[in-house]
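One chain comes next, on its own, written as structure tokens: the form predicted alone.
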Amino acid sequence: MGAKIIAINGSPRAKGNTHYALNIIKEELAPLGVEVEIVHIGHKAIHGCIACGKCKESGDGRCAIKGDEVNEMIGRMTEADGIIIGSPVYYSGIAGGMKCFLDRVFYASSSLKPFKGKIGASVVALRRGGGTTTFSALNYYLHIAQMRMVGSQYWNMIHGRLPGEAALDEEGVATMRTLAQNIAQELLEIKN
């Protein structure tokens, strides 16, 4: 198929359950010719948006705050055919570093609408509660960017507390596999 997906791992743990979920999708899509690059940003010191408005003034789709990965990732996400954003649940919400990252990426780039029409999916890893709240919050970014959102047979969530426990969530694993198949179908429709 020859498509590329950027999957953002917003967990502080590089190889935790969020990564595990994203990796299932990656492994499912590889035989179909879809490259999935998992980028770990959850451990980075990413400053939150300061509402300076400079990105709107410049109109260049870049954030005025320098010194972190935000502007580089805007470029890489713009070049990709699709974007998956993944976060663990922290106090019924998106992990803090991921929230800062998403606020700046989606706000700074919004004047150019670089993600409009691209494939978008959200993935949540959680221990017990707050999954739907976090899933909804992630989806707001995809909606406002006018992306083609992809779902599964259930909300895109996988359960596990400690790294590796998500592998025991059979329904969550199946949900990630179905999500990958649905992403492939959407990509096929776009490419044809």
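Here the structure is a predicted model, which is why all the values come from computation and not from measurement. Start at 1 and count along the sequence shown; that's the residue number.
Not on display, but discussed next: the form predicted in complex with a small molecule.
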29, 151 and 182: each with a heavy atom within 4.5 Å of the small molecule in the model of the complex?
no
Which is the contacting stretch out of 47-55, 60-68, 123-131, 138-146, given heavy atoms within 4.5 Å of the small molecule in the model of the complex?
123-131
Looking in the model of the complex, any heavy atom of residue 89 within 4.5 Å of the small molecule?
yes
Determine whether any heavy atom of residue 177 comes within 4.5 Å of a heavy atom of the small molecule in the model of the complex, and answer yes or no.
no
Does any heavy atom of residue 161 come within 4.5 Å of a heavy atom of the small molecule in the model of the complex?
yes
